[in-house]
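Okay, here we've got a single chain as C-alpha cells, the form predicted on its own, with questions on binding and movement later.
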C-alpha cells in the first residue's frame, strides 16, 4: 500500500537532493558539450569569497526574515485575538483577512507591483492623505525602499493564514481558566500573560518555524516584481541560486548555493527549536 508513496518520495525528494549534493562539487552546466568535472570545494569557496551578489542575497534574506517573522507572527496574533471575540459579523472579518492567502502569490505580486509604481495607488493615497505635502517614490525602483516594499506585501499576503492558526490555538484554551483568573482579580493584560500566552506555546513554536522557513525561501515576489533589482537590493538566496543554476546555466554552482541554503535553514530551524523547547 505504501509503495506508490515511497516511489514518489524517492523520485521527487531523495533523488533531487542527492543530485544537488553531487552536482555542487562539479562544474556542470545546463547545456555544455563538455562533461561535468569534479572541482571539489571550488563552488563553495567562490560563493563566500568571489561572489558579492551571494553575500548581498544572504544579507537581504536575513533582513527579510528578521522583520517578517516577528511582525507577521505578532500581527497575526493581534488579529486572531480580535476575531476570537464573540461579536456580530466576526466570521466576515475572518474571511476578509483570509482572502489574500487563497489568492495566488503571483497575482498578488503583480497587483502590488502596479500599486507601487510612481503613479500607483499607494502614492496617490499618500498624496491625498498629506494634501500634497509629501509624495511617495517609485518604491520598487528605489534601492532603499524596494526590499521594504516587498516585506510589507509579504506580511499582508500571509498574515491571514497564521491568524487562523493562532485562532485555533486560542479556541483550545478552556474558558474556565479565564474565569478563574478574573475571580482572582486579573486584568486583561494579566490574563493574556498568565493564561493565553502559556496556552499558545505549542502554536507559537509551529508558527515561528513555518514563518521562518517560508521567509528564508523568498522567491516568487522577487521574481515577479524586481528580478533581484535594483542593484541587487532585493536579491534573495533562493532567487540567486535559481538565477545561477537555471537562467545562467551554471548548474554546479547553483546546486552549491542550494546546498548552502539548505544547511543554513536546517541550522536556523534546529536553533529555533532548541530555544523554544519545553524546559519542563
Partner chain sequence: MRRNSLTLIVSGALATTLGLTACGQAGQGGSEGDEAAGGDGGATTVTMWTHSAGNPAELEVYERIISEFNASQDQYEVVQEAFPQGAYNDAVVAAAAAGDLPCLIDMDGPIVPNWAWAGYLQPLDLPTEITDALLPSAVGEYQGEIYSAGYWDAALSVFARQSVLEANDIRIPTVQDPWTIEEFTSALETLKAAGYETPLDIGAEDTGEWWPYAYSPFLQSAGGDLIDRDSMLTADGALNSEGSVAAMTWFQEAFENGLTSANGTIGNQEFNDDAVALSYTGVWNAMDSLEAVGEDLLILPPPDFGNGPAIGGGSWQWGISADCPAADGARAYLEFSFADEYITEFADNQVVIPATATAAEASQLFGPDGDLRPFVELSENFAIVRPETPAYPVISSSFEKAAKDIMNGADVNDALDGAVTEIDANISSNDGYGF
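Predicted, not measured: the structure shown is a model, and the values here were computed from it. Numbering follows the first chain given and starts at 1.
Only in words, not in the display: the form predicted together with its partner chain, which the text now covers.
> Note which of 124, 141, 103, 194 lies within 4.5 Å of its partner chain in the model of the complex, where distance is taken over heavy atoms; exactly one does.
The residue in contact is 141.
> Can you pick the one in 67, 30, 45, 220 that has a heavy atom within 4.5 Å of its partner chain in the model of the complex?
Contact check passes for 30.
> Is residue 210 one of the residues lying within 4.5 Å of its partner chain in the model of the complex, judged by heavy atom distances?
Flag for residue 210 set to no.
> Can you check whether residue 36 is within 4.5 Å of its partner chain in the model of the complex, heavy atom basis?
Outside the cut-off, so no.
> Residue 63 versus its partner chain, in the model of the complex: is there a non-hydrogen atom within 4.5 Å?
Result no; residue 63 lies far from its partner chain in the model of the complex.
> Might residue 53 be said to contact its partner chain in the model of the complex, defining contact as any heavy atom within 4.5 Å?
Yes, contact at 4.5 Å.
> Please name which of the stretches 90-98, 168-176, 185-193, 115-123 has residues with heavy atoms lying within 4.5 Å of its partner chain in the model of the complex.
Partner-contacting stretch among the options: 115-123.
> Taking its partner chain in the model of the complex, which residues of 250-271 have any heavy atom within 4.5 Å of it?
Only a single residue, 250, comes within 4.5 Å of the partner.
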